[in-house]
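There is one chain below, alone, in structure tokens, taken in the form predicted on its own.
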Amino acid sequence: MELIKNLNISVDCVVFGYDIISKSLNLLLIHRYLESKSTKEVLVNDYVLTGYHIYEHETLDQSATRVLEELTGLSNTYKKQFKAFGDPNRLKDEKDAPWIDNEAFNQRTVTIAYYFLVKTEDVDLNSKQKAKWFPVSELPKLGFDHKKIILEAYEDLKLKCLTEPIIFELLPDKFTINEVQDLYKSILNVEIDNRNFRRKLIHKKYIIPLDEKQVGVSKKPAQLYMFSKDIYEKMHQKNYLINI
């Protein structure tokens, strides 16, 4: 099949990953670099989201999944289409002009934005030299309108993590209560009362205590738990996952 690009529609993927060691919510970004062919002057040197034009035979979801898989090797991950960005001037900033000319982009491109949730350890960056994780609190210089896209994705994630069990996409299959709390703190950027949080979480029927404890830790090993999606989906009341 001949792959025909639609030059007016693209997808951009905001890839969130959680580093359980540094307790940091991160973003996977692509280094964008361009030199002048004649003078070797650096024309563009910043970071962007991973994205691409859709192919005519693809749905939007298929296109976003393809873009993510090409970058990370992952396909079976949580994804959400959260907004379309179609400002007629979104690709007309002076800082982006050399890149637009070099890549022959159509300046009137509407992008459909998705965000994905992955575990950072599942992504092998050794073969993706242009890709790098950045804490959401320490973003580098960004191209196009990607800062706006990222901030809107982040706000949506904050809301969703309180009403849906999506945080477990970012945690190991077996986790401690402290690790859940640390993740909430990283996403919401708030302090959380330890005792109240633990009491609320362990009373949720879909948080299953295991007959296992942490291994390889210097301090007293903590109880391990797992999230049961089956039990969660069978419950009728799905208001707030947990009140922070």
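Since this is a predicted model, take the numbers as computed values, not measurements. Residue numbers run from 1 along the displayed sequence.
Another form, the form predicted together with the DNA, is not on view; read the next lines as being about it.
- Proximity to the DNA in the model of the complex, single hit among V190, V217, L210, V42 (heavy atom within 4.5 Å): If I apply the 4.5 Å criterion carefully, the residue I get is V217.
- Looking at 191 to 199, 24 to 32, 58 to 66, 43 to 51, which lies within 4.5 angstroms of the DNA in the model of the complex, counting heavy atoms? Checking each option against the 4.5 Å cut-off leaves 191 to 199.
- A222 near the DNA in the model of the complex, any heavy atom under 4.5 Å? A222 belongs to the contact set for the DNA.
- Item | Stretch 53 to 89: residues contacting the DNA in the model of the complex, 4.5 Å heavy atom cut-off | Nothing in the stretch sits within 4.5 Å of the partner.
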